[in-house]
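This document starts with one chain, in the form predicted alone, laid out as structure tokens.
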Amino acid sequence: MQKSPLQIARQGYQPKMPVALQGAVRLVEGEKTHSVADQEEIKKLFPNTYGLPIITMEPMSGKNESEPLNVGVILSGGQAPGGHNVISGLYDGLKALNPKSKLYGFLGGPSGLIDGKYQELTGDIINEYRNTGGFDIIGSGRTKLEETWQFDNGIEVCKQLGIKAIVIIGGDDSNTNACVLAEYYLQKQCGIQVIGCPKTIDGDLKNEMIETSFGFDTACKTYAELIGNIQRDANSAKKYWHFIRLMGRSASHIALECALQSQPNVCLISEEVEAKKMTLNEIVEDIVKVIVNRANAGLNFGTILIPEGLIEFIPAMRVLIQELNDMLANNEEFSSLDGDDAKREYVKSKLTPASCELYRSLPKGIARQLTLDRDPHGNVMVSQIETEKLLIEMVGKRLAVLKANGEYKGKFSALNHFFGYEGRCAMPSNFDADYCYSIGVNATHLIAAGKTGYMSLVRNLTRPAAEWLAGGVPITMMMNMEKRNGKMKPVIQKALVDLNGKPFQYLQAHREEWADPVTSYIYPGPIQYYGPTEVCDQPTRTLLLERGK
């Protein structure tokens, strides 16, 4: 297989690690913990894994050794840069404890555990994937581990392979499943441990203990490069307004981080829209003001960042979507109607007056997406709604009115973009390569110590890697009760953008300056892997601001 020069060079990169993980390790237990909310309910559901202590890894003299350990690893959910390095760290950590240890990769995500589809990951395989992007070493999947028969199938497969522990690399839902699995296996006393690892480019798996999820750094740097390139082009050509939608349905961390790195003219934050109870028209008016102001200075170009989940955070749109979900679920009368116009009229006749007015104001293409394109549960597929096109059309109509009234003399030409898959499998930055490898090595020490129901923890991430702190945090500590599909369920609490936090406050303080006719663009350029530390090893701006740097 042919490789690029960078692929070949990166295979030889040795990730940096905390001092505590560079030799023999001892585990120090701290105070008992409790869940972030709904303590009594969570404790009742997780009697064996609730209240476990936080663990810290400390260096010690000598050498850690163990009996041979057979461990299974699962990649769960969407891809995130650095996943291969978690697996590389797991492999190296296990072999350091005992060369006879084995690592098995379950193929295609959690379903590989259920169906007994696996591959032993040998040194030759691992070496091909060190410091590379993607999840293609064993593949990923979105099967949820939540049924008793799935857990029992997993027990049988692990028994056949002599597996003592399963490591689940995933986001908040996947790690919630890891916690449920750990609890079940303890109840069954089957001797199988479960350890989670914090993955998601969306950045919404973080809390007082988990400073950031892996992949967020690389994905944001990848998107920020593209945004910077577009801004340089716009500033050169002196034309086009670029409306750029960015991944992040549940939270706006990616949009915020990319704004901090590139300083666009406008950056929408879903959480702010919700807090201010903004309407779609108010969002359009805010964008129009910036466009008119720049046009008055002869600048008919700019960039606007839009989080993927914006639609769901607009209160009136959320009500409309819920009404549509309720109305159209298993609605045979609607399905039997012939043609888009008939279906549109049917919908308008059933909506409440406020939702009907909003629905009528939407471009027909967006209205069609809201009513015709639905997921297997009958719900609107919000992530597929092209919000950037919706805003372009509405902004264009508003500017046409202003031009007719003599209040706008500029020229509005817009281009739309969606940056998502471009960042999920990028070659991991040095930060993610180091962080992920450390997470993997750290997980082996949790396993060797017999721990279960923990997430592998690496902290102090704004310091040099040698000064990072390693340990473990009980997954139950991050959980609360939320309604899912009509039922209250225990889940890891998602971290939304904190409007009182330093990253958002920095954006807020500089918005007018970035929207101003005096161009303030930053051009981040591509991810750098070799060179000065301040160029190659820096974490995200979000993390630096949160830590007061």
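The first residue of the sequence shown is number 1, and the count goes up from there. Quick caveat: nothing in here was measured; it's all calculated off a predicted structure.
Although it is not shown, the form predicted in complex with a small molecule is what the next lines describe.
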query	finding
Which of 451-459, 388-396, 281-289, 241-249 sits within 4.5 Å of the small molecule in the predicted bound form, heavy atom basis	241-249
Proximity to the small molecule in the predicted bound form, single hit among Arg318, His417, Arg142, Lys403 (heavy atom within 4.5 Å)	Arg142
Heavy atom within 4.5 Å of the small molecule in the predicted bound form - the one residue of Asp434, Glu308, Glu257, Asp217 that qualifies	Glu308
The small molecule contact in the predicted bound form: His253, any heavy atom under 4.5 Å	no
Contact of Val194 with the small molecule in the predicted bound form (heavy atom, 4.5 Å)	no
Ser383, heavy atom within 4.5 angstroms of the small molecule in the predicted bound form	yes
Exercise: Ile201 in contact with the small molecule in the predicted bound form, heavy atom 4.5 Å	yes
